[in-house]
Each structure stands twice: as C-alpha cells, then as structure tokens.
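To begin, one chain is listed below as structure tokens, in the form predicted alone.
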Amino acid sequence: MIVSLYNALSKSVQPVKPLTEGEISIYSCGPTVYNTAHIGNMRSFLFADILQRVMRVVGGYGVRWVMNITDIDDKTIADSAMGSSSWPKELGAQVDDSMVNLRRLTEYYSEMFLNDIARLGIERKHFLAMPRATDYIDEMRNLTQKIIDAGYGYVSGGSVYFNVAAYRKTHTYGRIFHVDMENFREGVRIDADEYDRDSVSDFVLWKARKGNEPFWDFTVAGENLPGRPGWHIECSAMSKQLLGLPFDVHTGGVDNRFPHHEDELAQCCAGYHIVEQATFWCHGEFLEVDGGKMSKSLNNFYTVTDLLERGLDIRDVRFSLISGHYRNKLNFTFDGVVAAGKTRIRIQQLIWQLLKKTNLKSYIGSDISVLGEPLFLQQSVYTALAEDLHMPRALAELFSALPKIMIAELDISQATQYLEVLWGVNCVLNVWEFTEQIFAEIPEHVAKIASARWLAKSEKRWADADALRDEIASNGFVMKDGKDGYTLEPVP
C-alpha cells in the first residue's frame, strides 16, 4: 500500500516514493543526553517509531532507521562541567578531566533513555544504528572543511561559522521553515546551539573551546582550532555516513524545523554539493500537559519513571501518546491515560476471546489468507494509517468494527483471520499481547495492602499511599487506579 506523508519542503501531503526500490531510509533526531527525557520528548520518538512501523507493515518496505544520540552540545557540556548542580549524585564525584566527566554523564543518561524507550515499546531491533555524536568527530571536521572550501564557511575567533549571506546567493535558506529574512543580520555570528527564528545570522559549525571544556583539535589553513562541533553539523555528517545522501525521510519535533533542520539542509547542500539531504521532512507536534506547557515549576513535568511510579500501565501510556494525529498537539492528562487504558483493553479482551475460540495459547502472525469482513477491516485501518499516519481514523475504523465481531458465530478459520488482522495492527501499535489470559490469584496480604492504599489515597495521605504502592510492587503486583476503584495485576 502506498504511504503518504506531509512534507515540510512542499507544505503538502505527498506519496512516498522510495529512492531505493523496496526500502525506506529514515533519520530521526534523537535525544540530547544531558538529563532524563520527559514524555514530551517521548512523543517525538514514538511518532518516528509509528512511522517506521507503518512503512514496514502497511507499505511493505524494508526500513533502515537511524536515530542519533547527541552527547556533545551546550547542554551536555554545561551539565558535566566541574561543580555543576545538575551532576547526578549516582555517579559519585567528578574527576579532574572534562572529557571523562562528559562521557560519564552522557553514558548514564543514554542508558536511561534506551531503557525508557524500550519500556515504551520502541524496539532496538528496528534500528540500523543509534550513533553517538562523539564517535563521528572526524566526519564533522571533514564536512566543516568542505563547507569552508566551497566558500560558505569562515574562521573567526577560533570558531568556524556558516556564511548564510554567501549561501543565499546560490541557494534558498528557509525551505523547511519560513524564516524572516528581513531580520537577517549579516556579519552577526551565533555561538549558541539553539536560537530563535529572529536570530537569523551566521551559525557555528565548529565551536572554539572555552575554559576547561572537552575539546578536539581541528586544523584549518595551518591554524589549530581546539574546540568541538556545533550541534547542527552532527546530524548532517552522521546521516551522510550512515544512510548516504539523499535519504527518504528525516523526522524530528516541530521545534527542530528551525534552526536545526534548516541548518542541517544548508550544510549538506553547501558541503556535499547535493540538492536535497532528504526527500521528506516530517515533524511531530508538541505534547501539552493538562492543557498547557509542561514545566517543572508547574509540577507537571513527567518522565516515564514518574508515570510508572504512579501505577500507570506503560502500554496505556504508549497508547495514549500515539492515539492522536502526530501533526496535532496532544493534551496529556492522567484521566486521559486511564481512558486510553479502558479503550485498549477492549481489543485485548477480543484477542483473548479469539484465542479461546481457536484453542490457541498464543498467536504469531502468519501468511494465512484474510478474506471477507476481516479483510475489509484490515484494509480500512491500513488505509487510514497510509494517509499521513492518521491514527485517530485508524482507531475509529478498528473500534467501530467491534460490535460486528460476534465470537460465537465465527468458525475457527474466521477467528484466526481476525487474529491475523489484529496481529498486523499491533505490529504498528505494539500495545496488545497475543497470549491467553491468565488469572492471577491475589494473595490476601496484598489485597489488604491495596485496600489500605486506596483509603490513604482517598484521605489524601499521599506519602502513605506511595509507600503502600511500593509495598504492593515489591510483592509482584501493580495497582491501577480508576475513578471508582482499582485493580490489581501481576507485574508483566
């Protein structure tokens, strides 16, 4: 099935025509590992995961997917600097070596990130590579030199900058995100990795070392420039090295459009002498929390661990975060996750019923023929997903079919076909289990603890409630709260 996506270059939805027959190459801007990723970050990564899954399942393509890990930039350097208040206590004391401290900090948060995305159902097996920026310094220096040689880069104050004015004489700057060039300040240079759209000016390719920062040597025209790469050059160099240019789809959050993606594209055009870095540029919208911006000061800043500690099922969290259209803002609430869980379990219950009907303890997708109503359901769901990943419509098609599936009237062949359809849909959503339902016996002492916790929560004795929840978890169960009660389930 042909998959169409909204392309920020054309400002329209277009069918994806892979550059290599039968294969789609995707580069996704990954995390900056200076701290724990929050659920707003996770929505962007889940969008990329859904995209590559739709390409595999609905489009039928092989997928080469790369997501980078930014382990060198302003934030990682600031948080690993000697005496930083953001240095994790779990790592112990810092050492008198800035490069070692940087590596320790970024490895710590990289592992945390990989653990979080695994819990959210983003599988490592689907990645071609997850490169660390610091492993590709040579490629970044080489690209910077190419940009200088092409006449689009210059040295100033020990740094190398991209000459936007020179680039604009032969190329368009502002193809991905409309840039207000009236405010372009020729000759003004920006050292910061991130800046606002009103700060259009020359941006840094290679950043001069300051103080005791970690650094690499870089010789330009006989002059050594100790420093490190700018943020934007990282993805340009790594995407070229790992996927080749051009590749099919570049993804990121809407905040990546400018300056990051616009500068990436400019660097590739200037240094590699290509017209396009990627055929499609696709961006996921922001996540809001309780109708507003997520902020630590508002006490609505959540990580994956935060949500799990509140007793939420991680499958419900994933389902909640992927249920909206990726190009629309999504409002995250705890009530919304609970509602998503109730919706998700309806399909889970159907899967259990179908397994029972077919006398199967588990199901793994096969090549069986899907006909009649099961085929119509599959086509309607896949068609919605193929049209710019329209998840809300795909889910509406799926759930509207539930009342029509009368388990008692199905024969084993029909029940198996429905299992096959749901298996395929789950290869995209990854929120359901295809094993028979097992009813766990709740030990009496666990039931008493749960009852005590529910009382503590109703009386707003939060510390007691949290302690009792942890005691339940230590006994191998998770307590899931609803508006009118709770359930106890064994930890998966």
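Numbers follow the displayed sequence, beginning with 1. Note that this is a predicted model, so its numbers are computed, not measured.
Just so it is clear, the following notes concern the form predicted together with a small molecule, a form of the same protein that is not shown.
Engineer: Can we say 76, 98 and 101 each have a non-hydrogen atom within 4.5 Å of the small molecule in the predicted complex?
Structural biologist: Checking in the predicted complex: none of 76, 98 and 101 is within 4.5 Å of the small molecule.
Engineer: What is the one choice in 313, 388, 248, 285 with a heavy atom within 4.5 Å of the small molecule in the predicted complex?
Structural biologist: Checking each option against the small molecule in the predicted complex, the one that comes within 4.5 Å is 285.
Engineer: Give me the residue from 393, 356, 293, 178 that has a heavy atom within 4.5 Å of the small molecule in the predicted complex.
Structural biologist: Flagged contact: 293.
Engineer: Considering the small molecule in the predicted complex, find the one stretch among 31 to 39, 57 to 65, 461 to 469, 431 to 439 with heavy atoms no farther than 4.5 Å from it.
Structural biologist: Heavy atoms within 4.5 Å of the small molecule in the predicted complex occur in 31 to 39.
Engineer: Does the small molecule get within 4.5 angstroms of any non-hydrogen atom of residue 255 in the predicted complex?
Structural biologist: Answer yes; at least one heavy atom of residue 255 falls within 4.5 Å of the small molecule in the predicted complex.
Engineer: Classify residue 45 as contacting or not contacting the small molecule in the predicted complex by the rule of any non-hydrogen atom within 4.5 angstroms, answering yes or no.
Structural biologist: Taking the distances in the predicted complex, the answer for residue 45 is yes, it comes within 4.5 Å of the small molecule.
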